[in-house]
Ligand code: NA7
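Take a look at this single chain in structure tokens; it is the form predicted alone.
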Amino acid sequence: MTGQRKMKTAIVGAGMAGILAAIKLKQRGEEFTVFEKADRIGGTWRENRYPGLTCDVPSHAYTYSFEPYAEWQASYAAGAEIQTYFEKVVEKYGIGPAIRFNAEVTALDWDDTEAKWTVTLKDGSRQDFDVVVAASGVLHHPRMPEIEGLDSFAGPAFHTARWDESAPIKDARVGLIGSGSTGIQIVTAINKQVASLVHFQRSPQWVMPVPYSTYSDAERTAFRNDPALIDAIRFSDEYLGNVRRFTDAITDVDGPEMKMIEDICRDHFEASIRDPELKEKLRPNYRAACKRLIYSWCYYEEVQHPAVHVETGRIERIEPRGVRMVDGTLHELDTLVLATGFQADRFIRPAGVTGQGGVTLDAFWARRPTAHYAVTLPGFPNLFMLNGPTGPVGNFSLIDIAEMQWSYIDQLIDLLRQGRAETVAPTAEAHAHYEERRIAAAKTTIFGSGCQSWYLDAEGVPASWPWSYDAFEQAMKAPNLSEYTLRERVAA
């Protein structure tokens, strides 16, 4: 670090991406503080504790590349296991002392004269930093359904990200609203415990069948003794090859890879559902992968359990005793579970962010959340995002995406460290050109083929990276500095 500028960095969020940033900065010997609004680390895996919570990325692929993990119990890891993994990583790399818990960031304000960000917390305290890394995640603001009478329900009614451990489930009459990945995982977990389960489904899902197996003690011992066995899984063609084929498919909707995905999902569906009435309830009317694919090894089997009733009618209102349908049917319930997703356009908000010239992030994002290559923002110098808007989405590990993004961010921060610049931000022109190309391409992806999903912005444009996984990997190798404004540092 001799001869380099000493940087002071604020990291917002102690989930997967924030932990990554903290480890990388500590390895550089730099000063940083992680601000976490909750009382412990984990992000998504801390917030969600619902029955059946499982990552749909193979467990050995859902780890930091530098920190493989031999202790996974199965080929797909449960949420509690993933939380344990991140806790062990924080302890191993010694970043715990740099994390401030119960420290919700409410405002970030840029001082152009001092070239500093002022971070304001909910308790009113303030602190200045040279750099801010927004690692607040995407799916952390629950979306509550707008259904008349929801507050009138006599029993427990709660969002899946706020799971009520005291709510009756065993031998109870349970209602479940929502049929995304969360709703489907809950069906597979509680269908044999309940007296009855009414699954209110607005839109059925395409399911990609995947193999599931548990790891034996002997296999875990082998993983501990030879990490190359883990690498063989993590970097296998079965995983990375599938990732590349998937992203090729979503960007070439009439190509052979997309046809293969559709054929697998359709054949699995047709062969798995026995009851003709249930089959029509579960038959999607859109193309596979238009919504995020459900990866499951057991959903079609479990949804056919006698205790499960799939309800596709329209809900009129919630009443104290249950859910009233438009046709007059009342489903009487003891517990109501809301698997209704998240507000995917929030990112670091509701924190107020004010950049150069007093421009707010809300104003900059008035039309849609956007970031240059999902990482930087024009007019907001020295502010970097991990898993920010317009990044890759799909059935692959966001840890890999965050690691690629960190390599890109670190190169930009290095310009500040070396004194080559005091501030760095993309030009408005470069970002406008990026967005123009991205939007045009996004409309042609499978995400824009006609379904409703959380991938779409307010104008119905897929809010995602619309090119291949390899193209993103290449873009993250090095920032194109011709697209950036570098303000030189003025000597004191």
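The first residue of the sequence shown is number 1, and the count goes up from there. This structure is a prediction, so every number in the text was calculated from the model and none was measured.
Separately, the form predicted together with this ligand exists; it is not shown, and the next lines address it.
For residue 434, no non-hydrogen atom is located within 4.5 Å of this ligand in the predicted bound form, even though that partner is not displayed.
Taking the partner from the other structure, this ligand in the predicted bound form has no heavy atom within 4.5 Å of any heavy atom of residue 375. This ligand in the predicted bound form comes within 4.5 Å of a heavy atom belonging to residue 342. Although the partner is absent from this view, residue 179 contacts this ligand in the predicted bound form, with a non-hydrogen atom inside 4.5 angstroms. Contact with this ligand in the predicted bound form holds for all three of 139, 147 and 292, each having a heavy atom within 4.5 Å. Checking 118, 272, 203, 196 against this ligand in the predicted bound form, a heavy atom within 4.5 Å turns up for just one residue: 203.
The partner is absent here, but in the predicted bound form a heavy atom of 143, alone among 220, 268, 331, 143, sits within 4.5 Å of this ligand. Partner contacts here mean any heavy atom within 4.5 Å of this ligand in the predicted bound form, and among 333-341, 414-422, 276-284, 380-388 they occur only in 333-341.
Residues of 370-403 that come within 4.5 Å of this ligand in the predicted bound form, judged by any heavy atom, do not exist; none qualify.
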